[in-house]
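Here's a solo chain for you in structure tokens, the form predicted alone.
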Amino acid sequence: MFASIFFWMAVYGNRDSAMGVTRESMLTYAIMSAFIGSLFTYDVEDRIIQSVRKGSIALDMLKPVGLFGIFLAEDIGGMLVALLQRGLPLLILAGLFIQMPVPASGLHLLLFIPCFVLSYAINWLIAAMFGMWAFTAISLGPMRSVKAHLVTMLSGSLVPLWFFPGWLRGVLEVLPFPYIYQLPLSVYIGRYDWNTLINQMGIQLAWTGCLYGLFMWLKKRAVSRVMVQGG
């Protein structure tokens, strides 16, 4: 978090604003990005890979509970633990040494909450679908790290997309990645006007629905690959 904050301090220098975003808003963006990143704890990939590797995935699917529902519940529990262990300490440190990450307004804070929930859902669905490769691939290996870094770079976590070249920004805006970090953070600092904000939230909701549909389709295909013999 501090590395990101010092980076943006150096970028802004003596300027008060850049690309229509004030220095204080950009620092708030960096602080809240670190805060959100501390809450994005996903073990669904590891659980899928380990279950497939050990061969216990077949028995797990026979249980009278939704396997991926269990994974999601465990990850949400991990997020709540991370909120206490990492998220709140980050905000306290930022408030003591940099600035308090105050939202643009109370309404922006209220809109930030559903945006964050949907962003968590999008990121979790991407992680779950990536983990399903374990049903067909021998080993995912370093591809997991590659996927994590791509999501970080393309989601606006480190550098907001409004600093990207226009052609690249146009390509990324049709993908789900900006709706993981950039949208909730932009809502928090009041980057968008209300019409753009509602439109962006609608797109985020649409992407959540599309990814959920793709997840269910991949789940069905993955389950069909699991052969259970002798009960």
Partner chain sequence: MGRIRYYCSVGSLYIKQSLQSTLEYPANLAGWFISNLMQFGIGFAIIRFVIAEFGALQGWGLAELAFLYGLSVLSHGISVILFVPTWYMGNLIVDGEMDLFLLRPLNVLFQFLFLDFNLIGITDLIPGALIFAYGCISLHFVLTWLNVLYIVLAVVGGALIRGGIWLMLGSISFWVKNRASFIVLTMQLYDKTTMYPLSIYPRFLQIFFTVVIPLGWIALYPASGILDKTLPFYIPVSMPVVSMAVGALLFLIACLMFMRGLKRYESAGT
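On a predicted model such as this, the values are computed, not experimentally measured, just so you know. Numbering follows the first chain given and starts at 1.
Beyond what is shown, the protein has a form predicted together with the partner chain; the following relates to that form.
Asks: Contact with the partner chain in the model of the complex for Tyr12, defined as at least one heavy atom pair within 4.5 Å: yes or no?
Replies: Tyr12: yes, in contact with the partner chain in the model of the complex.
Asks: Any chance Phe164 has a heavy atom within 4.5 Å of the partner chain in the model of the complex?
Replies: Within the cut-off, so yes.
Asks: Looking at the partner-bound form in the model of the complex, is Ala18 within 4.5 Å of the partner chain by any heavy atom?
Replies: Yes, Ala18 lies within 4.5 Å of the partner chain in the model of the complex.
Asks: Since only the chain is shown here, I'm wondering whether Val65 would be in contact with the partner chain in the model of the complex (any heavy atom pair within 4.5 Å).
Replies: Looking in the model of the complex, residue contacts with the partner chain do not include Val65, since no heavy atom lies within 4.5 Å.
Asks: For the chain shown here without its partner, which stretch in 77 to 85, 101 to 109, 118 to 126, 143 to 151 has non-hydrogen atoms within 4.5 angstroms of the partner chain in the model of the complex?
Replies: Checking each option against the 4.5 Å cut-off leaves 143 to 151.
Asks: Ok, Val159, Leu96, Ala73, Ile113: which has a heavy atom sitting within 4.5 Å of the partner chain in the model of the complex?
Replies: Only one option qualifies, and that one is Val159.
Asks: Looking at Ile198, Leu175, Leu168, Ala206 here, can you tell me which has any non-hydrogen atom within 4.5 angstroms of the partner chain in the model of the complex?
Replies: Of the listed residues, the single hit is Leu168.
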